[in-house]
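Quick setup: one chain, the form predicted on its own, written in structure tokens, and binding and motion questions come after.
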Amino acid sequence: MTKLTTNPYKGVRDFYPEDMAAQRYMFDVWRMTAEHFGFEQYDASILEPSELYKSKGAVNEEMVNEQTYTFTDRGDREVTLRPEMTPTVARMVAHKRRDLHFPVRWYSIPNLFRYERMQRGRLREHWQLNCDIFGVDDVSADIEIILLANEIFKNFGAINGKQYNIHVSSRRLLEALYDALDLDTDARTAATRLADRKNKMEAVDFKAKMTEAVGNKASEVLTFLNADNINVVPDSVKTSEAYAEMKTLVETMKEMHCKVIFDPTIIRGFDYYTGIVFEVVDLDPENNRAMMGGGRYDNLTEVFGGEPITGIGFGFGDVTLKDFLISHDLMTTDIMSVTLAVLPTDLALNLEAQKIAQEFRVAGVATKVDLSGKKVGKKISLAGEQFVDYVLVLGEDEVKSKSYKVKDLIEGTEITGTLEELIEKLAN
């Protein structure tokens, strides 16, 4: 008989209780923050028809051709495990467009799959917070979605400018530059792909590649991409609507005490982005990378027919978030504990311990019973390691007298009383 491995499939994770506790904490903060901004939760199947991702502008060719988990089902239909949630939510909005009241604010925490090269922050399966606004075509929606992203980091205890920075740019502003320079389609595509790689290339090599792509117009493209302030972009784009929009965003965010950095090298890899785009970058030198990002996609619903519905949103993966929280010592540890542990001194008392525990549970006190045969001292130590607040040691004397002691593991104090008295104290 072949011996089976105990390892999970390459690129995915097993979630033991401590892992689930960490994930639950992250998801709870995500949900709480999104709902605080008025977003409603939605979801969909992990299976989508493959044509959803092959349609023009849905994602990008590399993802479709090299990174999707695609197969033919028993009905000869080509199916893909969703690699990205935005095409799905656009499909759902387009499907119900006549019944929805816009603007729509939706969020989801989907499970996503991409067959890509694994590295720090990237696996082949992950969960991701997606937040999207549909039906608002002015910069106020862009501002709101970035404020929401910032608030999420704040609610994890992080400080803008200390542990992370928010970088903003605009696809429309880049197109305004191309229009001013009268670049053809091929030159625009080449310049954009280069711009997305600028920070990963040597300056001399980047300049040479850009000159090769756009010829004698490289100087103005480089001036734009090197701008570290919205006010120092080339004059040729300052009369555009895209410039006014970006300037409004930067100035408004400053008024709202949310620091953003204008960074024209922020492109975002998906083809569906059409306007303002942004990324949140970890400032830890060991993990100085984009953790999450998003932007405006105003034409994505067109592939389903009808008038396009404007949209803007972001995705934030659980793998990069966990790396961020751990590296900045922000991961909350007390996230998997019950309030009380009942510790019988003998296996024969396990059933009595269950009855007592249930009385506490009925009163609203989260309670568990240690059913093991370990010694009481070891049981108390384990309860402390698991962040339990109180323990009730149950022996024959307690059962006979109906008087019990509850020890506070945090303060080191004890309280004694009947079951009813102790329940009242802990429930309050």
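Keep in mind it's a predicted model, so treat the numbers as computed, not measured. Position 1 is the first residue in the sequence shown; the rest follow in order. We call the rigid core whatever largest set of C-alpha positions still superposes within 1.5 Å between the two forms.
Keep in mind that the form predicted together with another copy of the chain is not shown, yet the notes after this line are about it.
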{"property": "Another copy of the chain contact in the model of the complex: Ile415, any heavy atom under 4.5 Å", "result": "no"}
{"property": "Non-hydrogen atom contact His101 with another copy of the chain in the model of the complex at 4.5 angstroms", "result": "yes"}
{"property": "Glu398: touches another copy of the chain in the model of the complex, heavy atom cutoff 4.5 angstroms", "result": "no"}
{"property": "Contact label in the model of the complex: Asp14 to another copy of the chain, heavy atom within 4.5 Å", "result": "yes"}
{"property": "Location of another copy of the chain contact in the model of the complex, chosen stretch of 220-228, 299-307, 192-200, 324-332 [non-hydrogen atom, 4.5 Å]", "result": "299-307"}
{"property": "All of Gln128, Asn287 and Leu419 within 4.5 Å of another copy of the chain in the model of the complex, heavy atom check", "result": "no"}
{"property": "Contact assignment for another copy of the chain in the model of the complex, among Thr248, Thr345, Ser236, Thr211, heavy atom within 4.5 Å", "result": "Thr248"}
{"property": "Position in contact with another copy of the chain when the complex is considered in the model of the complex, options Val168, Val139, Leu174, Val281, heavy atoms within 4.5 Å", "result": "Val139"}
{"property": "Per-residue C-alpha change between the shown form and the other one, Ala366, threshold 2 Å, rigid core fit", "result": "yes"}
{"property": "Threshold 2 Å Cα movement between the shown form and the other one at Met246, rigid core reference", "result": "no"}
{"property": "Residue shift check between the shown form and the other one, rigid core fit, Met26 Cα at least 2 Å", "result": "no"}
